[in-house]
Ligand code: ADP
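Below, in structure tokens: the form predicted alone, a single chain.
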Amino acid sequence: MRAILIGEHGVQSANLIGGEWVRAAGGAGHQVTNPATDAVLAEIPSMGADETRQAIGSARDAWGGWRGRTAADRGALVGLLAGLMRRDADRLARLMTAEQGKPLAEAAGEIEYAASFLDWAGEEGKRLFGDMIPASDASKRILVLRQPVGVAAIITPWNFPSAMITRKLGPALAAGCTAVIKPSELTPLSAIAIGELAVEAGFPPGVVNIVTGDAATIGDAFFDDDRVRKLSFTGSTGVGQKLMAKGAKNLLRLSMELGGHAPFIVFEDADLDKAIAAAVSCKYRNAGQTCICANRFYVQDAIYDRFMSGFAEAVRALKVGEGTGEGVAIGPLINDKAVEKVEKHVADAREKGGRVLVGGERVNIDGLADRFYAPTLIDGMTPEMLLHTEETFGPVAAVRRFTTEDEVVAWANDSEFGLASYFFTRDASRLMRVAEALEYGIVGANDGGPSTAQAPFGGVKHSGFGREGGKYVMDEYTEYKYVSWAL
């Protein structure tokens, strides 16, 4: 059976297990809808514990043959998958816009971004070098080997439904692991599309498996099965904490990319045009539904008014609409709950003295769902506001004045989160001081878009642990084995 994806009126779809396209026992399923229109896109299987265990078993059975291949062989298949994604980029982007809502140009950018992780991982797998260490005994040799951990479970979110898969899947496969992917139930079609391309690329049965359905049911099956030796999760801090507790049962190796609450600092010597352009792209990309988007804006006194004037003008120019519309920059929020959270944060800011300069309300568009929220700019942010303490995950920017470098660094670090941070300055000494002082895993210094396949992506504090990207991610999917060889 082949997984048929999206049709004019919505279709049935299937999951990839052991190289076969299968449906859930009893035909259990759930609908995937377009957040912009509420149109039903597909009926997706709701897999249970039995099907998840079947997928784990398929991955385990395939592992011996897969890890036995050369790194060059594995890397070639991973690279071929990247090429197939680029070949089908338009189809994949339209599919993503339909199920997730982001503007089509952003979706196309994500497909290229997703493919870049496969490219990098496929090459990096060839550089998993071991070591020979001089022994203290002349009759011995010390060898250090790097070997794949085994079956990797991958749990991904809805906001980047392709890139969050390849960022994990690429290095897992290149290292010699096999994988079971659990995508968000809100955006599973992009994952199934990647599965189809993996089959076309020629990955052996069981190397790549996909299960869709209830997160708790599938997650529990991952944690209860000792054949799973690695789990990589991207999602909220609250869920991540629960998964850590469950992982203790089998001492499961974990990678956690969790919540963020990024500060964005503009010093008085910054290039204002560059800072404003970065603020807009960093904050409003994907309607503010990104884990590293700026949330708290701090602008130094001397340039505050000029920055706010330019920022407001740029925000007003952002077009709201369905992702396929020409020139659209802000698509719908993912669901009603997301809109309600944004409204709660904006109302709280108003009640506590914040001034809404731009936006601050839903945007009603004829024929579309009521999930569009105007790009919003709020002046007068205070530490008491929800916007200052919680991740909004919506198109809302709140701004506060600061006077000194020391105070703004203290404000920026006054958060339980530590994923991404941003600041703008033309002072080289300040750049180094602030970059070192910010308690975040990612620092954008005069850069509002630091994510790239070559660099280690990840956070500190309540934003998780582990890194994705570059050579560093390969450590997440390999183990070091020490061999003491007596001659």
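The first residue of the sequence shown is number 1, and the count goes up from there. Everything quoted here is computed from the prediction, not taken from an experiment.
Below: the form predicted in complex with the ligand, not depicted.
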Can you tell me whether Q300 touches the ligand? I mean in the predicted complex, with a 4.5 angstroms heavy atom cut-off.
no
K182: touches the ligand in the predicted complex, heavy atom cutoff 4.5 angstroms:
yes
Could you tell me if A216 has a non-hydrogen atom within 4.5 Å of the ligand in the predicted complex?
yes
Is L243 a contact residue for the ligand in the predicted complex, using a 4.5 Å heavy atom cut-off?
yes
So which stretch, 376 to 384, 150 to 158, 248 to 256, 67 to 75, is the one near the ligand in the predicted complex (non-hydrogen atoms, 4.5 Å)?
150 to 158
Would you kindly say which of G359, G122, G354, G235 lies with a heavy atom within 4.5 Å of the ligand in the predicted complex?
G235
Contact assignment for the ligand in the predicted complex, among L84, M308, V239, I142, heavy atom within 4.5 Å:
V239
Could you pull out the residues of 51 to 82 that have any heavy atom within 4.5 Å of the ligand in the predicted complex?
none
